[in-house]
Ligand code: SAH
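Presented below, as structure tokens, is a lone chain in the form predicted alone.
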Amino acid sequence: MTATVSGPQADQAPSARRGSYWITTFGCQMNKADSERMAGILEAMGYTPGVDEHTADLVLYNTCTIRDNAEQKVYSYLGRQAQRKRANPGLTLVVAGCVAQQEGESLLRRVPELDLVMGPQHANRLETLLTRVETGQQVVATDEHHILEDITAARRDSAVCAWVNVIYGCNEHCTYCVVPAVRGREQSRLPEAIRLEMEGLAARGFREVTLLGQNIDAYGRDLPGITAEGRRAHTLTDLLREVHDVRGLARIRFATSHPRYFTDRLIDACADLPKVCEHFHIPFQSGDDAVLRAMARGYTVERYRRIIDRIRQRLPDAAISADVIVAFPGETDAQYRHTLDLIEAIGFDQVNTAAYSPRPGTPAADWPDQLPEAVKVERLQELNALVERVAAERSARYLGRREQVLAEGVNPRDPDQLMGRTRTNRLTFFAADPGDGRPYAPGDLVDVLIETVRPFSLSGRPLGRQPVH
């Protein structure tokens, strides 16, 4: 997945003008949040947003290595920029993120035109590293780095919804995943620092915050402290209760959860706290216990089902989204069918699907029972068709209902419409002007009567605004 960062909100005034920049982001929400922070740093240094990547004075690719096709796309982009730099030595070329962390100095041998290679733990050090580049150095920053409380100001891609990192890194050892190797060990931010950032966002008009972590359920277990009841003093549940009353925020979300650590206590907090949205992203990866063991996921299918049952007991209308991998090494047709059965049985609102992709340095990449590409393609196509059908069935429940939608922006395909999301994270379109002389605007909470349902989006008629407390 690719996204360019060009949002309207810079949180601090720039210094002397240095030229234009362009950031292209590949991959997950954590990368998007890192890109916003690096854009803020660049603007504080005096850079301005570029028109496109082919004319910008500084080009930064924030990379993802979780799938091979994303990594190869980065090299394709870099090839074009390297050619451009040979004709224009003044161009500054940066690779950040997970490919940078994984490849390190070998990236310089492959693309000698690069000025800076920096892993995700160094995102908040961008200014320091670029200062070294400006002295003529070619810089590689991939050593393990403790992420001190980040005081850099992000350039937000949205004026309504914001990401807030609460924990960096991951301590899990899934046999297919490079994230722990490239993002380092878990580092939780202090709850008071997280709340302060959220208060600042609310004061600037943001209405929704998504708390981010590679494994967000692990939040706080690296922080000191034990309660009188003998449990950890800092958990995601405690954090949600700590930040829930930030005035001006209408909604709080969190991602990504791990079934191994997802607790009834967390579900109860989500049911009790009105600002926490009824949407849970909980990857299951496979519907077969033997495959889950091979993946080292640390839970069973039955454990996953119990989590979903408990969520639906407390929050009957909650939306459930997930990630899944098919064609994992050694996966039989019967095991693959178990995954299809689980998707059918649970009724997911959305599933991010992928065929297994061997990643360098992970145990599964060296296993002898890799499946042929033809099997991967066939299984992924069948899986995607099922996911869309199930999503359509889940969408049908919205028809004729009144849904609260947070307007996020103008529909790029229809300037007369706004688009936003329901509390359950369904993308929804509605008329910007209801005809009463009071057009809706991004940031408004709007009641919408749903008149059209599609597998992954809705459309409807606006009925009026709701206040934000």
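The first residue of the shown sequence is 1; numbering continues from there. Keep in mind that what you see is a predicted model, and the values were worked out from it rather than measured.
Beyond the structure shown, there is the form predicted together with the named molecule, which is absent from this document and is the topic of what follows.
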Q) Can all three of 164, 254 and 423 be found with a heavy atom no more than 4.5 Å from the named molecule in the predicted bound form? A) no
Q) So, in the predicted bound form, is residue 297 in contact with the named molecule at a 4.5 angstroms heavy atom limit? A) yes
Q.
Just checking whether residue 394 would be counted as a contact of the named molecule in the predicted bound form - the rule being heavy atoms within 4.5 angstroms.
A. no
Q. Is there a non-hydrogen atom of residue 338 within 4.5 angstroms of a non-hydrogen atom of the named molecule in the predicted bound form?
A. no
Q.
I'd like to know whether residue 66 contacts the named molecule in the predicted bound form, with contact meaning heavy atoms within 4.5 angstroms.
A. yes
Q) Which of these residues, 370, 158, 357, 235, gets a heavy atom within 4.5 Å of the named molecule in the predicted bound form? A) 357
Q) Exactly one of 289, 264, 323, 222 has a non-hydrogen atom within 4.5 Å of the named molecule in the predicted bound form; which residue is it? A) 323
Q. Since the chain is shown here on its own, which stretch among 309 to 317, 85 to 93, 281 to 289, 199 to 207 would lie within 4.5 Å of the named molecule in the predicted bound form, judged by heavy atoms?
A. 281 to 289
Q. Though the partner is not shown here, which residues of 202 to 224 have a heavy atom within 4.5 Å of the named molecule in the predicted bound form?
A. 214
